[in-house]
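Listed next as C-alpha cells is one chain, alone, in the form predicted on its own.
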C-alpha cells in the first residue's frame, strides 16, 4: 500500500484507537483535546512521510508521535496541573517516567469503556450513533452528515450538544459495575444495531460509506464478544445477524449502483464465510433461556441465506416474525411478516392481513399491496404501486416501482 493510500487507511483504523485512549486519560471535559492530538498526529504523518518516506512501522510511528504530543500537552497546559495531574498522581517533573498506554489490550478496553460512556441513557440515540461514528470509528463530520443525509452544521451541533451533556452529567469513561453493565448493554446493542442499519438500509449513494458503517458496527460488536463480562448470548445473536446481512452486500447492488432485489441476486456473490460465521455465532447465541429480537432477526436473516424458495423456509420465517411482533411490534416487521405469510400460505390470506394494517402513509405498504395484488387483480396492483410511487422520495425505490408497473399487463 503506497503512502497516498496508507494514511487514509490508517486514519480509519488508528485515529479512533488513539482518541479513545486519550479521552480516557483526559476525560470528557477535554474530549476536543484528545481529538486534536489524534488529528495533529496524522497531519504530521502526511507532512513528514511525504518528505522522508514511510517509516519502517507506520502504526508504531503514529503511536509514538501521539504519545509525545499528549505528553507535551500535559506538560505545558494548565489543565494538567489543575485536573489531570492530581487524578493521575503525576507531577510535571516526573513526566519523563510517564507513559501513555497504547497497547492492544488498553486500546480495546478504552474503546469498550468509551462505548458504554457514549451510550449513556442521558444521550439521545441519534447523538449516540454520531459520537460512535466520530470517536469510535474515526468518521469525519462530512461522512457522518452523509450517513444521516444531513449537513455538517447539523452534525456539529448534535455532537456539541452530546459532548456538553456528557460533561454536565459527569459521565466517566470506565466499565460500569456488573448490574449497570447489564442495564447499559441493551442501550449499547441498540446503538450498534442502529449503526449497522444506518449503513445497510442507507439512502446514501456512497456505497463505500454504507459498507464502512456496517463493518465498523461489526468491529465494535466483536469487541463486546472479546470481553468476558459482555460476551453474552444476546451479543452473539446481534453479531450473527450482522454477519448474515453483510454476507449479501456484493449482490445487493449492480455496477451502476442500482438496487438488486433479493429474488434477482446472484448467490455466487454471497459471502459464504460470513454466512458460516453467522451460523457459528447464532449457535452460541442459543445458549441460555433469553430470546431477544436479535435472536429472532438473526433467525430470519439465516433463512434468507438459503435461496431455495421452499415452504419450509417461509414457514420458519413466518414463525420468527410472529414471535418478533409479540416481543416488539413495528410496522415494518408487520409488513415483512405479511410478505412471509403470502409465501407460506398464499396471497389471498396475506391480502386480508395486509389490509388490516392500514399503513396508508408508508410507501412500502402500498408497494407490498402492489406485490400481493399482482396476478390477482392487476388493476388494483397498478393503483397501489402508483400510490407507492407518489409517496416515496427514494430514487432507488422509484426505479423499482416503475419497473414493477411496467411488468403489469
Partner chain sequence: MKDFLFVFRANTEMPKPSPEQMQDTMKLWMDWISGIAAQNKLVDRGNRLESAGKVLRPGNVITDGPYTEIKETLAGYSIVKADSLEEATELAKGCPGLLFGGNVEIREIGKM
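Residue numbers count along the first chain shown, from 1. Keep in mind it's a predicted model, so treat the numbers as computed, not measured.
Form predicted together with the partner chain: not shown, discussed below.
Participant: For the interface check, one of 25 to 33, 348 to 356, 54 to 62, 374 to 382 should have non-hydrogen atoms within 4.5 Å of the partner chain in the predicted complex; which one?
Facilitator: Selected stretch: 348 to 356.
Participant: Taking any heavy atom pair closer than or equal to 4.5 Å as contact, tell me whether residue 227 reaches the partner chain in the predicted complex.
Facilitator: So residue 227 does not count as contacting the partner chain.
Participant: Looking in the predicted complex, any heavy atom of residue 326 within 4.5 Å of the partner chain?
Facilitator: So residue 326 counts as contacting the partner chain.
Participant: When the contact criterion is heavy atoms within 4.5 Å, does residue 310 count as touching the partner chain in the predicted complex?
Facilitator: Close contact is absent here: in the predicted complex, residue 310 is far from the partner chain, nothing within 4.5 Å, heavy atoms only.
Participant: Residue-level contact is defined here as any heavy atom of the residue lying within 4.5 Å of the partner chain in the predicted complex; does residue 72 satisfy this criterion?
Facilitator: No, residue 72 sits far enough from the partner chain in the predicted complex that none of its heavy atoms falls within 4.5 Å.
Participant: Exactly one of 334, 251, 173, 275 has a non-hydrogen atom within 4.5 Å of the partner chain in the predicted complex; which residue is it?
Facilitator: None of the other options qualify; the answer is 334.
Participant: Out of 126, 146, 315, 109, which one falls within 4.5 Å of the partner chain in the predicted complex, going by heavy atoms?
Facilitator: Contact check passes for 315.
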